[in-house]
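Only one chain comes next, encoded as structure tokens, the form predicted alone.
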Amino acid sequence: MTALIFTLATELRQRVDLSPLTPDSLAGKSIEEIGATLLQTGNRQRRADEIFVIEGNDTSHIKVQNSTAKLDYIGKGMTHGDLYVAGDAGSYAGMSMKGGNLRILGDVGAYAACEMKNGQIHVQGDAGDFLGAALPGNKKGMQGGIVIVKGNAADRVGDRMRRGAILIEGDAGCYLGARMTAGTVAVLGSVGEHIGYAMQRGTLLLLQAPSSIPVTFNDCGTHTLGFLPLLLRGFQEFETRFGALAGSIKRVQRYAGDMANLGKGEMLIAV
């Protein structure tokens, strides 16, 4: 069997909802049935084979080629299989994902991995606002799994995050870890202002000190934390630079907060 390949064959005027094209929803379907799948675009629906050239037959391994930022909801709710995106992805990629692997070679839009429960998302480029966050009005953001961003991430990474790990190898924007309940967010590069705003629990691991520490975070001094090498060693099975840090980060400056909220979160800064 060969991977099921969707090659974008037309210039898109409207955004397209790609949530029906997952290993779960396409399992057991013939190439004709897959081509007849209706995709919402603007205020109407179009057949998948009107937008894509479709080849292959292995629905557990799907590739989207010539992808653009107008393709939204890629991998939404998937529970198994591999979904490979050659190009950029739009908003809500990996939303409510429960398993499987989503790999995006380009950039990804806002709300990627929002309310994700399990699985892996690997972004080769940059990520938009609200990575791993909750949808507007909801109280539970990312609840499991791992997200790796090789580039930069915009504002509100991990907003209302409850579990799982987000690893950013570039820079991150403002309000990193805002309203976090649990989980781990790690950043190799610089971070913006208002880090840990209204944070309740969870861990923010920073390789570079932020320009300012919020006044609602208490300085707990420098520590050698036994769990930290174990945490970083757990990332060695993934394609990320964080796994190689297990033997190099010896001590961290620890801050506890946000004391204006529950105050049981922690910010760890490598020293």
Partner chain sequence: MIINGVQIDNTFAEAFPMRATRVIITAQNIKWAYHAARAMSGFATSVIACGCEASIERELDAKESPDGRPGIAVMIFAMGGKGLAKQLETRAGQCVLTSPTAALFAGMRDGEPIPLGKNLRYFGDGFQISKRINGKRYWRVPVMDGEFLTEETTGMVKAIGGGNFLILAESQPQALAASEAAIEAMHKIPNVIMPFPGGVVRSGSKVGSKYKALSASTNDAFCPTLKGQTRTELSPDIESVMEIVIDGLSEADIRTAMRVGIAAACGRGAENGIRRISAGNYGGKLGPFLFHLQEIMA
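Values in this document were obtained by computation on a predicted structure and should not be read as measured data. Positions refer to the first chain, counted from 1.
As for the form predicted together with the partner chain, it is not shown, yet the points below apply to it.
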Assert contact_stretch over 96-104, 176-184, 83-91, 69-77 against the partner chain in the model of the complex, heavy atom within 4.5 Å, equals 176-184
Notebook entry, point to check: Do heavy atoms from each of T203, L230 and E266 fall within 4.5 Å of the partner chain in the model of the complex?
Noted result: yes
Would you classify G226 as touching the partner chain in the model of the complex, given a 4.5 Å non-hydrogen atom cut-off? yes
_E237 versus the partner chain, in the model of the complex: is there a non-hydrogen atom within 4.5 Å?_
yes
*Evaluate R163 for contact with the partner chain in the model of the complex, applying a 4.5 angstroms cut-off between non-hydrogen atoms, and reply yes or no.*
yes
*Is R251 close to the partner chain in the model of the complex, meaning a heavy atom pair under 4.5 Å apart or at it?*
no
Contacts from 69-99 to the partner chain in the model of the complex (any heavy atom within 4.5 Å), listed N to C, are none
